[in-house]
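Next up: just one chain, as structure tokens, the form predicted alone.
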């Protein structure tokens, strides 16, 4: 089965991006685009409708695209589109795929269970949230993506996608290319407070790309680490952040040296935090400078989106037409 793109990933435009979004999604695409692999990156504004109003999402979507560009995404190599630009195709395929799963199967998806914690019980949640895994499957299958960057918490979603594609193909013929997981360790970025993954919903434990130098310093100083001589998930996550945002090899070497001192039993976590603060502040200052320049040229942002939308639309229409033909519709 032919693939249309090597890599597909996206970010929900529900607020400012965090360093976890950069390390876990944007930087992954950046690395692969630089290796010459075809990549598609999208602002998942339809996914955001599960818990946001449309009026909140529009501006956020434009900001996310500007963020992508400021973070080094090259629109000549990576095409950026808005999920809502193919709303008709996405909703249609989601409906066709939904026939091949059950409510019970969807409720067993771990990430859906996590989202439902915000409601008293499943009966209080909107139906779109229930269909979140099917909507994600439609995103991936419409673009016939070969690989999808996933963390541990998203791997089940890709398994749902593959299962739906296999059921459809078995029943009606080979229509969908089966996507493969692209497991990236850096996706496991924890909250600075150590309470689950870094998330926009827990701002005190997240470093936003819009944070000021003082906010960055305050958050990192309050971050939980590890006792002398010990390593844990929290410290491992902080190391990933520091090394992932480092501007040169010397900074990475300095982090490695501090960690060695820590593991030998020395009390150097204060030193580690100072280095992490400096690295993070420098990275975000550079990002914010680039972002401000991009925002001064809205025509450029719109042209990038329009080009990406055209490619995504063509892929989606071709895939949906094939599915409808297989069904005799």
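Quick caveat, the model's predicted, so the values are computed rather than measured. Numbering follows the first chain given and starts at 1. What we label the rigid core is the largest C-alpha set whose atoms superpose within 1.5 Å from one form to the other.
Below: the form predicted in complex with tryptophan, not depicted.
At the 4.5 Å threshold, heavy atoms of residue 44 reach tryptophan in the predicted complex. Among residues of the shown chain, residue 148 is one whose heavy atoms approach tryptophan to within 4.5 Å in the predicted complex.
Tryptophan is not shown here, but in the predicted complex it comes within 4.5 Å of a heavy atom of residue 154.
Using a 4.5 angstroms threshold between heavy atoms, residue 242 stays clear of tryptophan in the predicted complex.
Shown without its partner, this chain lists 206, 82, 136, 235 as candidates; in the predicted complex, only 136 has a non-hydrogen atom within 4.5 angstroms of tryptophan. Checking 198, 93, 160, 140 for any heavy atom within 4.5 Å of tryptophan in the predicted complex turns up a single hit: 140. Annotated contacts: 9, 12 and 132 all touch tryptophan in the predicted complex [non-hydrogen atom within 4.5 angstroms]. Stretch-level contact check against tryptophan in the predicted complex with heavy atoms at 4.5 Å: of 257-265, 36-44, 297-305, 280-288, the positive one is 36-44. Remark: with the core as the superposition reference, the CA shift of residue 21 between this form and the one not shown reaches 2 Å or more.
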